[in-house]
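The data below hold one chain only, encoded as structure tokens and taken in the form predicted alone.
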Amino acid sequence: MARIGVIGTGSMGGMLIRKFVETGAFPAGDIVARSRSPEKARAVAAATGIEIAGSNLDLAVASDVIFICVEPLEVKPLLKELKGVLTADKLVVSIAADVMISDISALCDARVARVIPSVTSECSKGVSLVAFGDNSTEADRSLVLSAFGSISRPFETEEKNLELLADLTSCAPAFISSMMHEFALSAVRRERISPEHAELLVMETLAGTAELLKTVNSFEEVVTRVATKGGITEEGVKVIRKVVPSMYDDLLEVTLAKHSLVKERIGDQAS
């Protein structure tokens, strides 16, 4: 079995460790982690039984696969810290947005893959976007797809598509929750229901709709089943189809612009 190292035990890194151990993707005894926050690392270790490395360098030396779970602007400094240790016999899996495979490969000899996971993996749902570097092997593909397949639905794509698709997967839980919250508040403004009850009703309906979609596999089919011709729901659907497209066009425009800005800042960092 491969020895797994995880650098960064924050919100996403800690979640990945917990889920990998919970699902049996990797045995706890094969995982070693390191974090700039000792408290977070200790908490994850206490909950899962993994080992804590003495340093990033110790972790990289001891690991066959290194998951990089730090902020995008921290990746290059980390790779410089590990210079000479990330050799061609190791696999680096970065979950940092906007740090390209070429950025990583320029600073180490390791094989490289990028994964954009989602917070929905906390409940073993959702999508993990995956892109592999040219030097990745079939064994690398099998390991990464199997690991993330145990906690989500892995979706392999070209790296150039990651940012756009991440808006549909990794960012989407926040977008959907924000939209549904506003839906509930609209009812509250009619002063006939409390915020707590409005949120409860919308959340339960959203959960039920998600389950229903598993059986029909189409948004449009759900719309057709509910919005009968000439009915009340159809009037609401007309409003959504008139107003919402421009909102989501604006949303993708600003998020993709932000991705470009972060990439520029990463590019400005000294290699």
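Numbering starts at 1 and follows the sequence shown. Note that the structure is a prediction, hence the values are computed from the model and not measured.
What follows is about the form predicted together with a small molecule, which we do not show.
Asker: Counting only non-hydrogen atoms, choose the one of 92-100, 185-193, 149-157, 134-142 that falls within 4.5 Å of the small molecule in the predicted complex.
Answerer: Selected range: 92-100.
Asker: Counting any non-hydrogen atom inside 4.5 Å, which residue from Ser218, Ser37, Thr209, Thr224 sits next to the small molecule in the predicted complex?
Answerer: For this set of options, the contacting one is Ser37.
Asker: Look up in the predicted complex whether Val21 has a non-hydrogen atom within 4.5 angstroms of the small molecule, and give yes or no.
Answerer: Judged by the heavy-atom cut-off of 4.5 Å, Val21 is well away from the small molecule in the predicted complex.
Asker: Using heavy atoms and a 4.5 Å limit, would one call Asp109 a contact residue for the small molecule in the predicted complex?
Answerer: Flag for Asp109 set to no.
Asker: Decide whether Cys69 counts as a contact residue for the small molecule in the predicted complex under a heavy atom distance cut-off of 4.5 Å.
Answerer: Within the cut-off, so yes.
Asker: Closest heavy atom of Gly8 to the small molecule in the predicted complex, within 4.5 Å or not?
Answerer: Answer yes; at least one heavy atom of Gly8 falls within 4.5 Å of the small molecule in the predicted complex.
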